[in-house]
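Presented below, as structure tokens, is a lone chain in the form predicted alone.
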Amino acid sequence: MIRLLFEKTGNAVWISHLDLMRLFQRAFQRAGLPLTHTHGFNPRPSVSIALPMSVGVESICELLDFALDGEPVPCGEIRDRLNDALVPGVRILDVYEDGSKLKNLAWLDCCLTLEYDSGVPSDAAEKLGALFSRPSLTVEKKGKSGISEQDIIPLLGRLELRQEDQNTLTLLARVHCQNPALNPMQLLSAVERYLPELAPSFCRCRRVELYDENGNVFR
């Protein structure tokens, strides 16, 4: 399999995961890069995204694996041809072979930007820091079997709070991203549940970097 690193920014954040998969499949077609297909009753293109994103989340560190049919194509050429076929906001940053095994992907750096129309409440950073320093912090998690409670503290590697200006507070966190995973937006859910007076007027979420269990950048 070949792996590519891509970003999803701007208006493209509103593309759902399934639509993003279709977008890439069509981009490979338009770029003249035929994908192999799985075998069986319902063959599907050999393309998969490592960590599906929620709608509205921005990222500069997404990974997609694929396999091409026919003669090998240089990685740099694949990148350029796909970028010419993709929509604004989705851009290939790198293409390479022999990527790390996805089972070794463990941590994700994310940035939540909390925006307050009336200004950042006083002592907000201190109160939020104390909240995420609790020995246990449960929030709702939606899954295929319904809604359950999840303790997010064991899945939170580190957290930093910064006030950018009078209306903006930035929350930088490293969270476990699979087996089990912590959705960065669950951090916002914790604020809304336990500190409703600090719930922001708007929140933007951005994935920044991926790591293995040892803290090495994952590619």
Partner chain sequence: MTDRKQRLLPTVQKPARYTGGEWGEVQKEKEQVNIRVAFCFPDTYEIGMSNLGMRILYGVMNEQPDVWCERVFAPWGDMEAAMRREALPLWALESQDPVKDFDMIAFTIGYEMAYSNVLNMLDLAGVPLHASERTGLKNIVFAGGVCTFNPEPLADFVDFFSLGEGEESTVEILNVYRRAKAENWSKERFLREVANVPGMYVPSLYTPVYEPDGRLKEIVRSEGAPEVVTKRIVQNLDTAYFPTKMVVPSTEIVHDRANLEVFRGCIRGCRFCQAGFSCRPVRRKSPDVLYRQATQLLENSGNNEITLSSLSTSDYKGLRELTDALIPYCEAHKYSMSVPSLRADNFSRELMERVQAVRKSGLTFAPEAGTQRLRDVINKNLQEEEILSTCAIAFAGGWSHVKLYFMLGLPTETDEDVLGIAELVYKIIQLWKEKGVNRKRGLSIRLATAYFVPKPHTPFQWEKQITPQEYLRRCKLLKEHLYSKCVEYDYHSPDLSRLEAVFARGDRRLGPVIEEAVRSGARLDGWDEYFRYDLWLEAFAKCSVDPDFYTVRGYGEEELLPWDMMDVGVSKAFLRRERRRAYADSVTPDCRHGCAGCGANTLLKEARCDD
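It should be emphasised that the depicted structure is a prediction, and the values quoted were computed from it without experimental measurement. Positions refer to the first chain, counted from 1.
Just so it is clear, the following notes concern the form predicted in complex with the partner chain, a form of the same protein that is not shown.
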Worksheet item: the partner chain in the predicted complex: within 4.5 Å of a heavy atom of each of 23, 37 and 204?
Response: yes
Fill in: One residue of 105, 124, 86, 112 in contact with the partner chain, assessed in the predicted complex (non-hydrogen atom, 4.5 angstroms)
86
Worksheet item: Which of 30, 193, 158, 162 has a heavy atom within 4.5 Å of the partner chain in the predicted complex?
Response: 30
Practice prompt. Among 96 to 104, 141 to 149, 113 to 121, 127 to 135, mark the stretch whose residues have heavy atoms within 4.5 Å of the partner chain in the predicted complex.
Written response: 113 to 121
Worksheet item: Are any of the heavy atoms in residue 19 no more than 4.5 Å from a heavy atom of the partner chain in the predicted complex?
Response: yes
Discussion item. Can you work out whether residue 55 and the partner chain are in contact in the predicted complex, taking contact to mean some heavy atom pair no more than 4.5 Å apart?
Written reply: yes
Worksheet item: Could you tell me if residue 15 has a non-hydrogen atom within 4.5 Å of the partner chain in the predicted complex?
Response: yes
Worksheet entry | Any non-hydrogen atom of residue 48 within 4.5 angstroms of the partner chain in the predicted complex | no
